[in-house]
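Take a look at this single chain, the form predicted alone, given in structure tokens.
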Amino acid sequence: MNSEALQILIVEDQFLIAKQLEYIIVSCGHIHVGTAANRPTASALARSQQPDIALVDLSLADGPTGKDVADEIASVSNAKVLFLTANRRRIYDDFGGAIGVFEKPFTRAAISAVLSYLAWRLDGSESEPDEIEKPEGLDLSPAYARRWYPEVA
């Protein structure tokens, strides 16, 4: 994984939010590999594009939950999922296998910080663990919190 440019899939059924995310991703120097508004399209794009990260809305209008979509993405790619939601209380105890959750609404600066943090963390470099601080508003899943901050767990 290239720490400078992530390949990112957006799974969001609200057109304006999806376009805003696309704009932010590209303007931050990352690669937008596609946008899906439903589970079948998300699965097809994850399989064909092999993204590094999938930004997944926790609740899609056509019925599948974010966990269903995250499971599907994991079955066809190595992409890591970050849930986006307007209702953080709906997140699963184990975060459904995702890296974490970030709350809507968001700003360009906040998404940029989250993507920079994830690029650095997922790169696997040996740099100091506190080189880049975890962005405010990003809640890591218990599994990733233990992996990235074992001294705290």
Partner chain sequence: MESADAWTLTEGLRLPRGQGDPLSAAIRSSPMPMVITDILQPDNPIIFANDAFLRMTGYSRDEVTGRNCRFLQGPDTDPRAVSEIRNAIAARRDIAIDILNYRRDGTTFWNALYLSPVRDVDGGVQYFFASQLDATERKQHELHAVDLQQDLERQVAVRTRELEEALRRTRLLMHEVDHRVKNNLQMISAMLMMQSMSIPDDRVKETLQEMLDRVDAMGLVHKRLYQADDIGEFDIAEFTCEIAANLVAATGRRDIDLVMETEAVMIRPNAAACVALVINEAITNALKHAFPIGQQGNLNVAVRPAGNLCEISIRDNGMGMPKELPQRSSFGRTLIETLIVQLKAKIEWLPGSPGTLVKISLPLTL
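Predicted model, so just to flag it, every value in this text is computed and none were measured. Numbering follows the first chain given and starts at 1.
The form predicted together with the partner chain is left out here; the points below concern that form.
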property: Region of this chain that lies against the partner chain in the model of the complex, out of 28-36, 65-73, 42-50, 81-89 [heavy atom, 4.5 Å]; result: 81-89
property: 4.5 angstroms heavy atom contact with the partner chain in the model of the complex for Phe95; result: no
property: Contact of Ala61 with the partner chain in the model of the complex (heavy atom, 4.5 Å); result: no
property: The partner chain contact at Phe106 in the model of the complex, heavy atom, 4.5 Å; result: yes
property: Contact of Gln20 with the partner chain in the model of the complex (heavy atom, 4.5 Å); result: yes
property: 4.5 Å heavy atom contact with the partner chain in the model of the complex for all of Leu16, Ile24 and Phe102; result: yes
